[in-house]
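Okay, so here's just one chain, in structure tokens, the form predicted alone.
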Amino acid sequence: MYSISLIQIVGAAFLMFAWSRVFLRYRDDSVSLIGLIFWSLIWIGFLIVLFIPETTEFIAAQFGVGRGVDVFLYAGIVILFYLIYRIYVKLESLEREITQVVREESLRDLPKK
């Protein structure tokens, strides 16, 4: 007989909450369809690992890593660095755009001589 642990209940509740936030952002056009699919797959993956922890051992064996949890830690770190990089690039782009708009507005407000 399979029993559900407290961590599975809390984890599932959090994952459903997180997915609901993504879905609501999709509905108000803050997240694209690709973003919705990406994050849905991430949360579904976490649910699978949460309720079938043996899957991590199988995945670890495919990558040649000793423990299943290590695969997800390594992948999580890589994904986090990539997402930070994307945010950094977007922030730099926004700063350039703001600078350009401010320059154009400043020049437009100068009195014509």
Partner chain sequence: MGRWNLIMNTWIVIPAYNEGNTILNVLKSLEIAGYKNIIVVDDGSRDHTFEVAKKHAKVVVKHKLNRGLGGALGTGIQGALRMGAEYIITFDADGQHDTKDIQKVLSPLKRREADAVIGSRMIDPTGMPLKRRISNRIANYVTYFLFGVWTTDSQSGLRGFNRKAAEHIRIRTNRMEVSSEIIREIGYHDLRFKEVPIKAIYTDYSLSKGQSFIVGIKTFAKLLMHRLIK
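Only the largest set of C-alpha atoms that superpose within 1.5 Å between the two forms is called the rigid core. Computed from a predicted model, the values in this text were never measured in an experiment. Numbering follows the first chain given and starts at 1.
Heads up, the form predicted in complex with the partner chain isn't pictured, but that's what we're talking about next.
Asks: Do residue 107 and the partner chain share at least one heavy atom pair within 4.5 Å in the predicted bound form?
Replies: Contact with the partner chain, yes.
Asks: In the predicted bound form, does residue 21 have a heavy atom within 4.5 Å of the partner chain?
Replies: Contact with the partner chain, no.
Asks: Does residue 82 reach the partner chain in the predicted bound form, with heavy atoms at most 4.5 Å apart?
Replies: No, residue 82 is distant from the partner.
Asks: Is residue 35 close enough to the partner chain in the predicted bound form to count, meaning some heavy atom within 4.5 Å?
Replies: Close contact exists here: in the predicted bound form, residue 35 approaches the partner chain to within 4.5 Å, heavy atoms only.
Asks: Since the partner is left out here, which residues of 92 to 108 would have a heavy atom within 4.5 Å of the partner chain in the predicted bound form?
Replies: The stretch 92 to 108, when checked against the partner chain in the predicted bound form, contributes 92, 95, 96, 98, 99, 102, 103, 104, 105, 106, 107 at the 4.5 Å heavy-atom cut-off.
Asks: If I superpose the two forms on their rigid core, does the C-alpha of residue 21 end up displaced by 2 Å or more between the shown form and the other one?
Replies: Stays below the 2 Å threshold, so no.
Asks: Answer yes if the Cα of residue 10 shifts by 2 angstroms or more between the shown form and the other one on a rigid-core superposition, and no otherwise.
Replies: No, the C-alpha position differs by under 2 Å between the shown form and the other one.
Asks: Are residue 83 and residue 35 closer or farther apart at their Cα atoms in the predicted bound form than shown, with the shift being 3 Å or more?
Replies: Compared with the form shown here, the C-alpha atoms of residue 83 and residue 35 sit farther apart in the predicted bound form, by 3 Å or more.
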